[in-house]
Every structure is written in C-alpha cells, then in structure tokens.
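To begin, one chain is listed below as structure tokens, in the form predicted on its own.
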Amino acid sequence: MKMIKTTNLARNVALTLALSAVLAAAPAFADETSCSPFTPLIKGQEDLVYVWTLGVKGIGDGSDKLVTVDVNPKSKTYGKVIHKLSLGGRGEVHHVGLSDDRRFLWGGALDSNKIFVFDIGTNPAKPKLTRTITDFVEKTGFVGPHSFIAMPGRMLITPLSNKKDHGGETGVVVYNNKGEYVSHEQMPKTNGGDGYGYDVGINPQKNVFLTSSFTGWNNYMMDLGKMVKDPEAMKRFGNTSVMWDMKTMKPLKVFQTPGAPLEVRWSWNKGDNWAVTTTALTSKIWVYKQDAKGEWQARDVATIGDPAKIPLPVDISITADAKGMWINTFMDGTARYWDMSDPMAPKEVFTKKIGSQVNMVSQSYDGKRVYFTSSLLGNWDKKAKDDEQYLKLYNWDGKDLKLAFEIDFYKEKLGRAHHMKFQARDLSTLQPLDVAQNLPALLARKQ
C-alpha cells in the first residue's frame, strides 16, 4: 500500500486514534524511561543498554557514539562495552527514541541538527546506522531535534529551537518510519503560550499528548557558568506546558508551569490518566490530571530538595505501577525516590548520591534495576575532577540501591554518557501490545 503524504497533521495520526479505544482497555505497562505506548516493551531481563554518547575532543576519536553495553548477568560479557559505533564528528547528541516495532532507534543532535536512525533489530548487539536525516531544519525551520516518541508508522519529534533567532520558540514535527518529513506545527503563543518546547509524552487512552519546555540554542550551547551570570539569558527559559488533541494535532490547553518543565511521564494504570513533570529551575513536581468536569488541570504538588540551592532536577522515571518515581538532581549528583501512591501528595522516601553529577535514569520494567548516566549537556557538565562520565547499574530492593557495576566512559575513551535505551537480543519474546498485534490492519508500519 502506497504511503499517502499530507500536510494535515490530523490525518497523520488517524491510526493512532483507531487504536485508542482498544488501548484504553489494555493492561498497565511500564515507563522504561520514556517509551511510547506503541513500542514493544521488555518486561523481563533486558540484555543490552544503548548509551547515546557525546564526543569530547582529545578523548578517543573525539566523535559522538552509540555505545552498546551487555547488561544480562548470565552473559560472559556482563557489564562490558561490546560495541561502539562512531558518528565521525560531534553535534551535541542528546536523546534517542525507539520505533513502533523496536527495530530502529532514532537519535538527535542538538547542534548539528542531524537525526540518525539505527537498525537495532537485525543484530541488537551490533547496531548499524541505516539513515542520516539532514533536512530537518530545511523542512521545519526548527533547530535541535530532541525527543523522539513513536506513533504507528510515525515518529513524533520535539525540537528545542528555531533557525530564525536560535531562541526557544519551536514546535512539533512528524516524520514517517521511512525517514521522510510529513508535517509540523508551531508551539502555541496565544492563551498564555510562550512557544517553547522540550519533551513529549502521549496518552492514547485520552487521545492527547503533553509537551514541556526548556530553552533555545543560544542558551543550551552556552557555558553554564557564563549563562547563569547573564540576566537576559536566564529569562530565556520556558515556563509553560501544553496538552494537545491527537485527533486535530492542535493545542487543547496551555499550563503555566514556571521554571523549565522537562521530562514528561504518564501513568498507564487503568483509570489514572495523569502525567507528571518536574521543573529544573524551580524544583517542583507538577501533576496533570482531569478534574470532575473532564478538563485538564496542572498542579504544583511537591518541592524537590532546596530550590535556593538550585539542585536542578533533570531526568525522571516512573515505576510500572506508577506508585513510585525516580528523580535525579544534577548539581548534587543525587537520585531521589518518591512515593507516588497519591500523585497529588508525593513523598520523598529515599536518596542516594550517585556521583559528582548525575543526569539520566532508566529503570527495568520490574523496577529491580536502575541505570544512571552522568552528562547533561557538553557545556553544562561540571569541570575538572567533578566532570565524571559514567554508566552505573544498581540493584534496587525497594529500600536501598546496591551497585552492580559501573563503566568509566572517560577511562574507556568513549566521551560523555547521556541518554539510554534497553534492548532484548530476541525481539520475538516481546509481547507488550497484544491488543495492537490483534489489529494488523490498523498498524501504519504494515503499509
């Protein structure tokens, strides 16, 4: 069947909506960092972790890389780097996202604006670069492709900036699984919108997706020490988040969430229908939930650490049952576990210092294994002895984190360890979306 191109974003998600009613009755499934609900999930032991790594001049070949680590305890190479794929240059790589069949991994570079698509299905232990997309700025006018979240046959992308002034005004973009541009929309600047964007999370049960906001190229490529001393630069951060209608691909509501709301996570427990984010500059937890009338509301529900010390909350990871959530604070290198049993009144119940700095966190489906990496941005990471770059795996028993292994990315001449995604060696073992597998005619990837 020939793929039909259109500039109407509403048509691009028709298949998503067709699945919505069925997915509403699906069982809850895990965060697995920030996977799309349309991506097969690993419910057992993950075999591999891919680490999207920033190149550093003078370390190894100095290039950005996709690094593969064996994380199955039964393997002879457990805890070891088993593959590294160099991109032959530096472009400030940042986040990666899995395709709707988990056979491809999309990764973006915030400076070069390139998008890389890796085949991780043919031989998961040895990813292969199959496509480099270089028309992102030309097609969209946006800069800094950041988050990648799968829809059937599509990849929804949120960039951070724009080519006009390299500020924080941006939008949302759709490419198809062939790597072809489909369409884009601007972030709202009316009804309280500031036009800024960052992460995205989708909820097919309610036909919505939620976007957060950060800052533009002018800031994220600036040295952190210089930026915090620049009053004008510190004004250039997003203070909003937006709920979108997936049917029309238009904003439903703009929320005022001051202080750069970053990662977006949804609870997938049946009947929950709430999302959560944290604000980097104001150290708040925000929950988005429908009220009795069905209208989405955003509420500041908790404070993380001491905001006066700017702990800088960064990545978050929600548990499979949405009863708990990890929050990393970059400046003090600390992982914080929060009881989310009542999302409107979360409580911090555990903390552990992971390193001099910590950024990303990914937990296994069963919540027993928690992975951490260190790099935030090339020019924002700490300096000298505090510039630790690592991947660390801890076992979590609900009471304490116990180190299983760690890899020093500088010692291994790899660079700065950033975003992570898990993979299984045998993809046929994954059965996360049984309802979707029963509806092959609705899946865009079959076209």
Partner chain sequence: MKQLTSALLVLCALTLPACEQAFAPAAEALLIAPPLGLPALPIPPDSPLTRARIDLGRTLFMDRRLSHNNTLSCAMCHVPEQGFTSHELGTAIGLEGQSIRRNSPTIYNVAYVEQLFHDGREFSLENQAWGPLLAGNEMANPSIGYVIEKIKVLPEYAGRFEKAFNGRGPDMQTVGQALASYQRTLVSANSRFDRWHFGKEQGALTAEEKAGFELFSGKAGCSSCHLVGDKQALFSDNRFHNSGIGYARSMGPAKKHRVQLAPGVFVDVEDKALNAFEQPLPDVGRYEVTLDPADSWAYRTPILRNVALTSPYMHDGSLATLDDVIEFYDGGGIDNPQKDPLLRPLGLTTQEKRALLAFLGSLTGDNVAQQVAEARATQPGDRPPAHDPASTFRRSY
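None of the values given here were measured: they were computed from a predicted structure. Numbering follows the first chain given and starts at 1.
There is also a form predicted in complex with the partner chain; it is not shown, and the following applies to it.
Asker: Going by a heavy atom distance of 4.5 Å, is residue 282 a contact of the partner chain in the predicted bound form?
Answerer: Residue 282: yes, in contact with the partner chain in the predicted bound form.
Asker: Can you check whether residue 344 is within 4.5 Å of the partner chain in the predicted bound form, heavy atom basis?
Answerer: Judged by the heavy-atom cut-off of 4.5 Å, residue 344 is well away from the partner chain in the predicted bound form.
Asker: Although the partner isn't part of this model, could you tell me whether residue 217 comes within 4.5 Å of the partner chain in the predicted bound form, counting any heavy atom of the residue?
Answerer: Output for residue 217 is yes: heavy atoms within 4.5 Å of the partner chain.
Asker: Does any heavy atom of residue 164 come within 4.5 Å of a heavy atom of the partner chain in the predicted bound form?
Answerer: So residue 164 counts as contacting the partner chain.
Asker: Looking at 383-391, 414-422, 399-407, 35-43, which one sits within 4.5 Å of the partner chain in the predicted bound form if you count heavy atoms only?
Answerer: Every other range fails; the passing one is 383-391.
Asker: Check for me: heavy atom within 4.5 Å of the partner chain in the predicted bound form, for each of 149, 245 and 253, yes or no.
Answerer: Checking in the predicted bound form: none of 149, 245 and 253 is within 4.5 Å of the partner chain.
Asker: 355, 171, 307, 124: which sits within 4.5 Å of the partner chain in the predicted bound form by any heavy atom?
Answerer: That would be 307.
Asker: Name the residue from 179, 259, 367, 195 that puts a heavy atom within 4.5 Å of the partner chain in the predicted bound form.
Answerer: It is 259.
Asker: Heavy atoms within 4.5 Å of the partner chain in the predicted bound form is the criterion; list the residues of 226-240 that meet it.
Answerer: Residues within 4.5 Å: 226, 228, 229, 230, 232, 233, 234, 235, 236, 239.
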